Ligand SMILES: O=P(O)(O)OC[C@@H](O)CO
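What follows is one chain in structure tokens, specifically the form predicted alone.
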Amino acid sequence: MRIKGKTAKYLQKLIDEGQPIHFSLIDPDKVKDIQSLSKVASSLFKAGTSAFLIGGTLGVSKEKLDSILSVLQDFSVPKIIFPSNINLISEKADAILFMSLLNSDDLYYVIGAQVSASIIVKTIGLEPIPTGYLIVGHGGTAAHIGRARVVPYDNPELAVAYALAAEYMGMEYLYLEAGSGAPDTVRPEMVKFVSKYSEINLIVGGGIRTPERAVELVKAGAKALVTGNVIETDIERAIKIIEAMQRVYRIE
């Protein structure tokens, strides 16, 4: 049995307590001003974000990744890499979502990149969090780059099949991704259906712009939500999403 690291234990404790996890996604390529990032990160931290995810699909260098991580060291929540490829690995992070893009037609994204990254992750002592990555609906840039056979929004049965496969292969999380800036989120009906038939912890991201939709997804069974674009475009709305998720926890 794999021994869970500090970050995995922290996340599991939140899940066990029934507290929805909120991941603030920071794309290094979209950060133009480090001082502004510090202010934004402080606002998210004070609002109650559970952890920072750091990553992006295009244009991210190791140097930029490290500079972002250095700023985030000031905040006492985990800094977790959300990798698009093996260039997004840094010893400055606490952990990495060690992901397999389950619905990719390219074996590189299913297992090839993971083989290449595994020794690096081991050598620098980065905590891996085994995660299945499933692109749904819109898909966006991630689907294009990852050559994904996208799961339709209205096909929860197919999503369940992937969820069970990920669960049976020992993955701790399944990340249902609608794509950065997606016009719609993964539908709550799909989240509810997958939660009913699989025990894997669900992360949902892509297109989450309102507190109301965030609450719907949590009530449907999502253990964690990821917001990224809304942080870049409307920090006050991002804070309202975090606060709404916390109210669900307090009420329940």
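All residue numbers refer to positions in the sequence shown, first residue = 1. Nothing here was measured: the structure is a model prediction, and the numbers come from that model.
In what follows, reference is made to the form predicted in complex with the ligand, a form of this protein that is not presented.
Heavy atom contact within 4.5 Å of the ligand in the predicted complex, the stretch among 179-187, 35-43, 216-224, 193-201: Contact criterion met by 179-187 only.
Partner contact for residue 229 in the predicted complex: the ligand, 4.5 angstroms, heavy atom: Yes.
Residue 211, heavy atom within 4.5 angstroms of the ligand in the predicted complex: No.
Touches the ligand in the predicted complex: residue 25 (any heavy atom, 4.5 Å): Yes, residue 25 sits close enough to the ligand in the predicted complex that at least one of its heavy atoms falls within 4.5 Å.
Any residue of 61-100 that, in the predicted complex, places a heavy atom within 4.5 Å of the ligand: Heavy-atom contacts to the ligand in the predicted complex: only 82.
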